[in-house]
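So this first bit is one chain, no partners, the form predicted on its own, shown in structure tokens.
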């Protein structure tokens, strides 16, 4: 979501006469986009600006934008006097005018909500893949989550505008779109539209070859969505479905509004419809009140479901959330132990699943050049598994047959088949 926002803000600033530079020394404005999901991410952003405070003497304007800006507002200016501009994610469209007119020493705060928070501008030099925010905000108020306080209420972008946007992206060479929302299943809740219809409309757009989306909340996954994985060839057979905990007691404290039985029902149904679908998830360990037996229930569910991959987080209290009022009673060392146990388990499962691809021929969408290995490309299988292979840059944006040579923990290694046209 933040990466998408940064791309769109850059396009907006460039349209208004600004240009990106390659070094802090050459910049007039240093803009840091922030995340508030965990305190560590907030600290990194603030420390980045603090570590470059010597540039303030050269007249640089420091801008802190994103979720942290909305969460703390003008309090940030009082605590960190080296920041000049605070701007929340719903008010980015005002930044070009603010930056054009700001005077040295002036302090500006732009926070709160607006009716239309979406930036329509698109970069001229697009990659073959693009992210599109279809909703902003969330009103589910999971007890650990700061998003409702940083991004505000749910706002859906009208389907007509999204379709126009995708067509414009295709004209600029985009072949793959990834739809983003805190909970895509709630898309259109405020406008009378729905997510399934939207995906079907995008699937019909000529020129698009791959579609993905993030994220689905288990409490309201429509069965129709599960059948899309089978019926729409352009849709990745990949489902990111955050679990958070394997304990019903903890799920209730988290205000997740589903049970483990309900979650397992979704997993079983989607695997019945598409047996080879890849499923990934999120887990939080060390939530307030999580006992060893609660953690072991999570561990056993991970063993049982065998996710293709997991994002595992150690619980960290966030301001304004309901959970922050609960005692953070799981010791740091215990959180780390539980975190390691789940990660080690998932490492074994992911490696085993990726090894199963060895020898198979997969249809791989070539997304980009590898930034680590010269002469190599990075692609995705139909189940959105990352594949690294040798190849020329002109293959980007194509779907090619690739034989998987070896499966590793985080990716597959493959070779182009000779019969690609």
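Positions refer to the first chain, counted from 1. Since we're looking at a predicted model, the values are computed, not measured.
As for the form predicted in complex with S-adenosyl-L-homocysteine (SAH), it is not shown, yet the points below apply to it.
**Q** What is the one choice in 72, 236, 315, 307 with a heavy atom within 4.5 Å of S-adenosyl-L-homocysteine (SAH) in the model of the complex?
**A** By the 4.5 Å criterion, the partner-contacting residue is 315.
**Q** What is the one choice in 246, 188, 212, 242 with a heavy atom within 4.5 Å of S-adenosyl-L-homocysteine (SAH) in the model of the complex?
**A** None of the other options qualify; the answer is 242.
**Q** Picking from 340-348, 114-122, 138-146, 78-86, which part of the chain touches S-adenosyl-L-homocysteine (SAH) in the model of the complex when contact means heavy atoms within 4.5 Å?
**A** Careful reading of the contacts points to 138-146.
**Q** Mark residue 284 yes when one of its heavy atoms lies within 4.5 Å of a heavy atom of S-adenosyl-L-homocysteine (SAH) in the model of the complex, and no otherwise.
**A** Looking in the model of the complex, residue contacts with S-adenosyl-L-homocysteine (SAH) include residue 284, since a heavy atom lies within 4.5 Å.
**Q** Would you please decide whether residue 37 lies within 4.5 angstroms of S-adenosyl-L-homocysteine (SAH) in the model of the complex, comparing each non-hydrogen atom pair?
**A** Yes, residue 37 is a contact residue.
**Q** According to a 4.5 angstroms non-hydrogen atom cut-off, is residue 93 in contact with S-adenosyl-L-homocysteine (SAH) in the model of the complex?
**A** Residue-level check for residue 93: no, no contact with S-adenosyl-L-homocysteine (SAH).
**Q** Answer yes if any heavy atom of residue 175 is within 4.5 Å of a heavy atom of S-adenosyl-L-homocysteine (SAH) in the model of the complex; otherwise answer no.
**A** Contact with S-adenosyl-L-homocysteine (SAH), no.
**Q** Which residues in 162-192 have a heavy atom within 4.5 Å of S-adenosyl-L-homocysteine (SAH) in the model of the complex?
**A** Sequence-ordered list has one entry, 182.
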